[in-house]
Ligand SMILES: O=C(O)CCC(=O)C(=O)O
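Below you'll find only one chain, the form predicted on its own, shown as structure tokens.
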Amino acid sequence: MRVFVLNCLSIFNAFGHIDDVQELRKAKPTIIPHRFVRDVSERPTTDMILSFSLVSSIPIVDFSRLDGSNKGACKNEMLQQLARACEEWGFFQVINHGIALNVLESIEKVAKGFFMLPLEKKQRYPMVPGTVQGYGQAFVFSEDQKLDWCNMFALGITPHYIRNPKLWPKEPLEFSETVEIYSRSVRKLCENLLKYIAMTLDLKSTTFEEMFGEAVQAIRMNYYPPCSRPDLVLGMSPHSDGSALTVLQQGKGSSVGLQILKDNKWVRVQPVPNALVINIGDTLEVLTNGKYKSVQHRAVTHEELDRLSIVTFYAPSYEIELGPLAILVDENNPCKYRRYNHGEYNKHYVTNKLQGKKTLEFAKIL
């Protein structure tokens, strides 16, 4: 059994000493602990970031032009834009998404409120090594592994059996109710987006809904304190997501921390006010036989500003078998991925460290 011991500053587990980055920030060390210092090739240097003009070209999808009473040329144009976003970028920002502004504000408030609690209160909900629920750092599997400059708090939402009630915090008082309301709204958005994504592939709009069964949904809140040497660390290691869709809300007033890998260069994602960032996960890449690809992304830190993000992962039921849809496989597009059980893939994903798209090799036909 893996054993972990908590103290006022750090976590000790089977994989060594893990400093809490918020507590490190309070101490303002003159030297960044070596487990956070990245190898030179991984550091976020300015010459790896594209100009702002290209950043602004990241697709924006107006959900109101897809949903509701819009028909004809207007809707078709937006479907084409959605298809280009999925195929060429794997990322887009969605505006007019239908989630009330007060719901977005409330989830930010309780997330920030949780991270601002004293450390001893947050440590009542520990993320046990090898799991991805609770407070701490996920995806840590060795003593010499580099750590992210980030504190995480994650919860399973649906189906109900994936929840761990002991990890739902009592403070802030409105935390649980707010997470429930927010998660229902995001779930509806994911369901609708998948309908339109199916339409861009000339599939029946209910294809993914019928295939996914009782979809799995989880939420993870990330807090990135300022770092005195942002050139040496990463807030989040480069990775693709194992989900079908991921929905990211970036906190107002936060530093610009999200970067995506585009044409082998890291591109900053400049937040659009009240928009949500959507990205394609590994699962949708498999189902579309690589037509819509999951994309590596990472987070960087800032010397003076902190950053808050709220991430929702939406994926098929663990019981279903996945593989490329037959309609997307032909002699010009041979099958690139094997069939597998989604629960098996999820277990594989959460028991390996974040390392680009390496976890997707699990499904590739070599």
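Worth saying up front: this structure is predicted, and the values here are computed from it rather than measured. Numbering starts at 1 and runs along the sequence shown.
Beyond what is shown, the protein has a form predicted in complex with the named molecule; the following relates to that form.
Scan L328, L66, V311, I32 and let me know which has any heavy atom within 4.5 Å of the named molecule in the predicted bound form.
Looking at the other structure, the residue within range turns out to be V311.
State the residue from R220, R187, R268, K146 whose non-hydrogen atoms include one within 4.5 Å of the named molecule in the predicted bound form.
Spelling it out, the residue with a heavy atom inside the cut-off is R220.
Check for me whether the named molecule, as it appears in the predicted bound form, comes within 4.5 angstroms of all of L287, K291 and H342 - heavy atoms only.
Spot residues vs the named molecule: no contact at all.
Okay, which stretch from 179-187, 78-86, 222-230, 99-107 lines the named molecule in the predicted bound form, with non-hydrogen atoms inside 4.5 Å?
Checking each option against the 4.5 Å cut-off leaves 222-230.
Can you tell me if A299 lies within 4.5 angstroms of the named molecule in the predicted bound form, counting non-hydrogen atoms only?
Although the named molecule is absent here, A299 would touch it in the predicted bound form, with heavy atoms inside 4.5 Å.
Please tell me whether any heavy atom belonging to D282 falls inside 4.5 Å of a heavy atom of the named molecule, as the geometry stands in the predicted bound form.
No, D282 stays farther than 4.5 Å from the named molecule in the predicted bound form.
Can you work out whether H239 and the named molecule are in contact in the predicted bound form, taking contact to mean some heavy atom pair no more than 4.5 Å apart?
Judged by the heavy-atom cut-off of 4.5 Å, H239 is in contact with the named molecule in the predicted bound form.
Would you classify L248 as touching the named molecule in the predicted bound form, given a 4.5 Å non-hydrogen atom cut-off?
The answer is yes: L248 has a heavy atom within 4.5 Å of the named molecule.
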